[in-house]
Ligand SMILES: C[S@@+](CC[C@H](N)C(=O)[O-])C[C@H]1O[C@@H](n2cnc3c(N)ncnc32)[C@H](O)[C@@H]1O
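Single chain ahead, written as structure tokens, the form predicted alone.
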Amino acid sequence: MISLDTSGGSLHRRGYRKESVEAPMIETLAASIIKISGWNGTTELYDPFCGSGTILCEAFLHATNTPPSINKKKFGFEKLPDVNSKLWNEVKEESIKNIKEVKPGLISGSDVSKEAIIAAQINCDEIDKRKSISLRQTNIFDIKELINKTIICNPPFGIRLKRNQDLSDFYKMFGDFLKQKCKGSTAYVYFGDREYIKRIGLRTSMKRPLQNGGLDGRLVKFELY
């Protein structure tokens, strides 16, 4: 068996993550969640646990039709003897022409951690030069309402952070927040620990198995009325 590295590094590393926080979500998982949700930019997207901004960045790349590896300087295949550099440049130019803008506020997020918001701002700025992604530091339970939005998030869970803490009360409060303050919204919540799904106290309309760093997680959809 002969294998050729045509990428020149892992393609899940988009190049925008300059800063990180504890246990970040892998970029390709965030991209998969955006795609599975079917979000197409017609509703405002909000992530109340944005961390270093991975879901927000992937949503921006999707909404603007930006090639995921636009910041990658070189690919492995460019060193192959039969590469057509002229064609490759044409492909890149055509892809860049297809990039479109999004209105400010279409993609927003928040986090209780000041350090996370600083990291998220740095990462978002790598791809969002017009600063159309909105960020703020706040506790989710201090948010007044999230009405008629697409909520996509990855709440904290003990296994991911390697802490033996029971977050049952937190997830019950999160479920109450969704029920009481998110009328007309649809929430896609990634659970790294499936045991917490039942703590939300809401009927699910979809459960999709998705792995994150070896953890057998679930993406769950909640339709909020």
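Numbering starts at 1 and runs along the sequence shown. In this text, all values refer to a predicted model and were calculated from it rather than measured experimentally.
The same protein also has a form predicted together with the ligand, omitted here; what follows describes it.
Next on the checklist: Going by heavy atom distances of 4.5 angstroms or less, which of A23, L11, M206, L215 would be at the interface with the ligand in the predicted bound form?
Outcome noted: By the 4.5 Å heavy-atom cutoff, the listed residue in contact is A23.
Checklist entry - Out of the stretches listed (140 to 148, 127 to 135, 91 to 99, 74 to 82), which one is close to the ligand in the predicted bound form, meaning heavy atoms within 4.5 Å? => result Among the candidates, contact is made by 140 to 148.
Item to check | F157 within 4.5 Å of the ligand in the predicted bound form, heavy atoms | outcome: F157: contacts the ligand in the predicted bound form.
Item to check | 4.5 Å heavy atom contact, F60 to the ligand in the predicted bound form | outcome: Outside the cut-off, so no.
Checklist entry - in the predicted bound form, does V112 have a heavy atom within 4.5 Å of the ligand? => result Contact with the ligand, yes.
Item to check | Any non-hydrogen atom of V189 within 4.5 angstroms of the ligand in the predicted bound form | outcome: Outside the cut-off, so no.
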